[in-house]
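One chain is shown next in structure tokens, namely the form predicted on its own.
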């Protein structure tokens, strides 16, 4: 991971003293911080592709933190959001979690709790991105299969032998073996177990694998 790809914490708070203090604190665990005083500027300028998390104050002039959170989710932002407030209520907390917040912390925030929360959020985000990337690659490989290869794959997933697949499709075992070799190559599956683990759900979803 290059420096530019390293996790970054987006810190959104209109209080300059809070921004400065939290920037210094978060920097102690090696996380980069991009601080924003204006939530509108943040929404327009944040890097959606970045790995990391967002620390968002609830009460700010103009657009409030909960509205910012709703816009982030509406725009497909997947970075975990930690809400901060000095005037938290049960209703506000409930609204934040309902809107998709990962955590809700009260000011003055406990330093250790905030750092632990951020580290957990970043780890979760990294895993989420890795899983989505793997899912995308799997679907792209599956899309390369011919119709016949998908039929053979479906029977492989069901546990049929080459002879059984041949009888089901009206093919010779040698032809089935050729299809089997081609699909293993296209799907880059190192083993039968790996093939089934990665592609069984796409087979179950049908020809396009759309439900996966």
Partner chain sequence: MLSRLRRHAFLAAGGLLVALAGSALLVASELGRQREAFDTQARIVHRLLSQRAAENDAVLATLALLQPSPAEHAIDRLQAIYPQLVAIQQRSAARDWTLPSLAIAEERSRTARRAVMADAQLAGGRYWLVQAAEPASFALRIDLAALAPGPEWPLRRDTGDTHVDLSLGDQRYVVQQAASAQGWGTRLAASKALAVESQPLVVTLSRRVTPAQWPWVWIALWWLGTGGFLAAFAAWRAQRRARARAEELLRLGQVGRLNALGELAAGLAHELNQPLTAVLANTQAAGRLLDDDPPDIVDARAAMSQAAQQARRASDVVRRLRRGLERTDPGAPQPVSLQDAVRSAFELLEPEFARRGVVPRFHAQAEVRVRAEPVALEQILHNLLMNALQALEQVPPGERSLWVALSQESGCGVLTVRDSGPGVPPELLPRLFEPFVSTRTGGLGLGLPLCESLASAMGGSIAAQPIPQRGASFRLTLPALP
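Just so it is clear, the structure is predicted and the values come from calculations on it, not from any experiment. Positions refer to the first chain, counted from 1.
The same protein has a further form, the form predicted together with the partner chain, not shown here; the description that follows concerns it.
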- prompt: With a 4.5 Å heavy atom cut-off, would you call residue 86 a contact of the partner chain in the predicted bound form?
  reply: yes
- prompt: Though only this chain appears here, would residue 194 touch the partner chain in the predicted bound form if you measure heavy atom gaps against 4.5 Å?
  reply: no
task: Considering only heavy atoms, tell me if residue 77 and the partner chain come within 4.5 Å of each other in the predicted bound form.
output: no
query: So in the predicted bound form, does residue 29 come within 4.5 Å of the partner chain, heavy atom to heavy atom?
result: yes
- prompt: Can you pick the stretch from 68 to 76, 91 to 99, 112 to 120, 131 to 139 whose heavy atoms fall within 4.5 Å of the partner chain in the predicted bound form?
  reply: 112 to 120
- prompt: in the predicted bound form, which residues of 18 to 43 put a heavy atom within 4.5 Å of the partner chain?
  reply: 18, 20, 21, 22, 24, 25, 28, 29
